[in-house]
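Take a look at this single chain in structure tokens; it is the form predicted on its own.
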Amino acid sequence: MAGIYLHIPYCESKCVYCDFYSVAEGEYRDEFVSVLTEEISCRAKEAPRDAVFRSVYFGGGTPSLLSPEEIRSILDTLRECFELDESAEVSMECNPGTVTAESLAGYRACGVNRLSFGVQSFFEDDLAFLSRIHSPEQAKESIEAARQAGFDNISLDLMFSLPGQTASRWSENLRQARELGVTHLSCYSLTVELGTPLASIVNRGEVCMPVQEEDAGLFETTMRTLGDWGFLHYEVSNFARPGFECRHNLVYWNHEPYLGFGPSAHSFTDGKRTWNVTSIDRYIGMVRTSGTARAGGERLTRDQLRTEHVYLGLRSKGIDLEEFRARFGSDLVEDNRERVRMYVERGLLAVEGNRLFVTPAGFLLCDEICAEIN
């Protein structure tokens, strides 16, 4: 499987916690889509040999600030340049405050078949703290409008470990998401990223972030609750109804190739990672001049690929040990015999058949485990 990522950098306002690249909607807005399609066309030869793309993902930023006509133009260019699977998953991130019944119907008509709404919370004060532009009512109305427009694959982003957030409030967020009948939930712990407004107010002592034990308790509640409701926990932060796992997530977690277009977008093909400039004006200028906006790249060594394979696999479905042996020429469990034994005895890792995977308890310490197994 291979995927395509498109970074749409526009936002109406910057969320307090966000460290993704975004700009105000007015910057180069009139020419952005034409430049993006030009980049796609110029880089068509980068596709892996015989690649069939089963995932297209519009991320950002706020892709739903683009009109259905602009989304159609981008998708038409992709279809001209690459072989898209007839049943490809075409996802688009949406802010509930930026969509209407008409725009949602337009997105569906031009080929988008999966929506990811950045809801984050169903409480007004949480949304205000996070600098979200929508209300809880708008979120619910947007999801219902999406369903009316023909979308049956709808995901929500929710955020826990907000300052002062109680277990009951978090459980209420999960309950309301379930009542909306969505097929996928991405549940993230609020983290303080350097350079964000959140980092500034935390450093000034204006807010106090939850301690590690509180964060772990909310994550345990998430896993237990969604598991009881029939959601599959297929990656550390992602839960899906059976059959609705995000294909684009799986491209990343299965260490499969993907192409990224737009400012700050990354690509990974044939063991090489490349990335575009993180600047809208430089992006526009470079694409107009040379057809690409590449800022840098690196050829990963065998050891780096092995480390990434372990990290990505343990954070998701686990590692197929036979496939690992065929790919890297070594036995992962034997190479890490004592560490694996220790984590298995602690109930944090498990080996079943040819698969090594992190248990639900182990997800709480996933980064630590991934750093130890190599």
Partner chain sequence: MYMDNIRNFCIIAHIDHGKSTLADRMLETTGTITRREMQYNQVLDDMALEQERGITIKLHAIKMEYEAGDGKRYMLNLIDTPGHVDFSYEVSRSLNACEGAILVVDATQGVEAQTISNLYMAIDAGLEIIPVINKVDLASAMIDAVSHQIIDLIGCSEEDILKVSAKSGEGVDEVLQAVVEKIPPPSGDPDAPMRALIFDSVFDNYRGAVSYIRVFDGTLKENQKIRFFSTGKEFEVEEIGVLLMKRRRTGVLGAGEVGYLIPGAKDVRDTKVGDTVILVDNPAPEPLPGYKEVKPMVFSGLYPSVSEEFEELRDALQRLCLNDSAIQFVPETSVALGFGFRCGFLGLLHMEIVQERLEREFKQNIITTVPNVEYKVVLKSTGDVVLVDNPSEMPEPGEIDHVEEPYVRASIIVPSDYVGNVMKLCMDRRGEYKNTTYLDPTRADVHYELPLAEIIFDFYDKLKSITRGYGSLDYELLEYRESDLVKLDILLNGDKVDALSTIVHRSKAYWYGRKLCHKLRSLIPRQMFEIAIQAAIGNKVIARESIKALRKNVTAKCYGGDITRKRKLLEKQKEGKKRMKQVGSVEVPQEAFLAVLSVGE
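Note that the structure is predicted; figures quoted are calculated from it, not measured. Residue numbers count along the first chain shown, from 1.
Heads up, the form predicted in complex with the partner chain isn't pictured, but that's what we're talking about next.
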Test of understanding: in the model of the complex, would residue 6 fall inside 4.5 Å of the partner chain by heavy atoms?
no
Taking heavy atoms and a 4.5 Å cut-off, does residue 311 contact the partner chain in the model of the complex?
yes
May I ask you to state whether residue 20 is within 4.5 Å of the partner chain in the model of the complex, using heavy atom distances?
yes
Report yes if any heavy atom of residue 346 sits within 4.5 Å of a heavy atom of the partner chain in the model of the complex; otherwise report no.
yes
Please identify, from 64 to 72, 302 to 310, 42 to 50, 327 to 335, the stretch that has a heavy atom within 4.5 Å of the partner chain in the model of the complex.
302 to 310
To verify the annotation, which of these, 188, 82, 151, 123, has a non-hydrogen atom within 4.5 Å of the partner chain in the model of the complex?
188
Within 4.5 Å of the partner chain in the model of the complex, heavy atoms considered, which of 95, 222, 249, 91?
249
Taking 367, 371 and 374 together, does each of them reach the partner chain in the model of the complex with some heavy atom inside 4.5 Å?
yes
